[in-house]
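Take a look at this single chain, the form predicted on its own, given in structure tokens.
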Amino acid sequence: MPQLDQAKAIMDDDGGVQREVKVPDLSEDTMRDMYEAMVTTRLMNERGMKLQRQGRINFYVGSEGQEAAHVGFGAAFEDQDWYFPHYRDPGVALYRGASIEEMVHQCYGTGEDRMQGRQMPNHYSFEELNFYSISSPVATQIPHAVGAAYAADLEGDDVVTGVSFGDGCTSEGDFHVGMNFAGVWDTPTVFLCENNQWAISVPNEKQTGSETFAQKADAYGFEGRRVDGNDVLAMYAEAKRAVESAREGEGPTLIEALTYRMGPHSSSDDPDRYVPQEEIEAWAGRDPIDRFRTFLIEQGVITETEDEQMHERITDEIEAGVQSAEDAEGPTIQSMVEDVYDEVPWHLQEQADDLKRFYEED
């Protein structure tokens, strides 16, 4: 496991608190909410991959093993803050209040999907939660987050932007553009690099010549920090410090979360062709959900019975969402020409009408 001794941690691998380490001051309700978001992400991942294999949805991107990295990070922001995710961050939307049923409808692309089937499955967007649309092209969200932070700062809005991305994104031009702009203008932005060791099939050593991803922040004039990404408490504590710093006008921070992608890159990938089995087994012993569950039980925040009931309730909610999506109608033909213009232009309406007649006559 790469350089975990250099990463900040609060819990040990078994869920116990390390000596002489300060545990963040979190209410029991907040810790339960964080845990539930992590568990829901894992259960949705398991169900989503099965649905894709059964041909019931077209695609799925998993987050198995990375739940602590993004949930701990996302929980550190306030409701008014804006979050620019990548495709392994469903837990942040769930923590902010996204509906399981609506997320399932999005994966199916039904008429009840707010994007009307125009986005890839697992690419969510929740305007009311300040959770911006996920994009498949990697790193495009980085300049968006920085630009939004700059605009909010100019307007005097009390907003910090958070943006997450994988280690492979650091090889994209958008990473440099966003980091450089943030460093020059001290934008209130917190960057999260979820270093899961693999950019599809490209390992870290073929991704960068730097010793760490965190140190890349030095070149742009701000701080980079390394955190144990499988420790949700450490992720929260480090992100909270960075968010408060940004809100006080002290500029951006880059957080590198050392974590691991415990499944395929997506439902279209076969990691058995390139991931060593011993590597998977080693990281499986540091499962972020098992680790946090042990901590919560030992601290008396939840009981084993409550944990089992939570799993059953979430599983039932996911199944209800699947049934709702499979019973739903698809998007209408009219929806294809809406949502872009205030009024649908005549030529687009004419095409939509022709398409409707085609299907009615068929």
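Start at 1 and count along the sequence shown; that's the residue number. In this text the structure is predicted, and so the values were computed from the model without any measurement.
Here the subject shifts to the form predicted together with a small molecule, a form of this protein not shown in this document.
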Among T41, M44 and E64, does every residue place a heavy atom within 4.5 Å of the small molecule in the predicted complex?
no
Region of this chain that lies against the small molecule in the predicted complex, out of 239-247, 193-201, 284-292, 91-99 [heavy atom, 4.5 Å]
193-201
Considering the small molecule in the predicted complex, which of G156, G209, P276, P137 comes within 4.5 Å of it through any heavy atom?
P137
Contacting member of P85, P188, G74, G166, with respect to the small molecule in the predicted complex [4.5 Å, heavy atom]
G166
Heavy atom to heavy atom, is H265 within 4.5 Å of the small molecule in the predicted complex?
yes
Answer with yes or no whether E172 is in contact with the small molecule in the predicted complex, where contact means some heavy atom within 4.5 Å.
yes
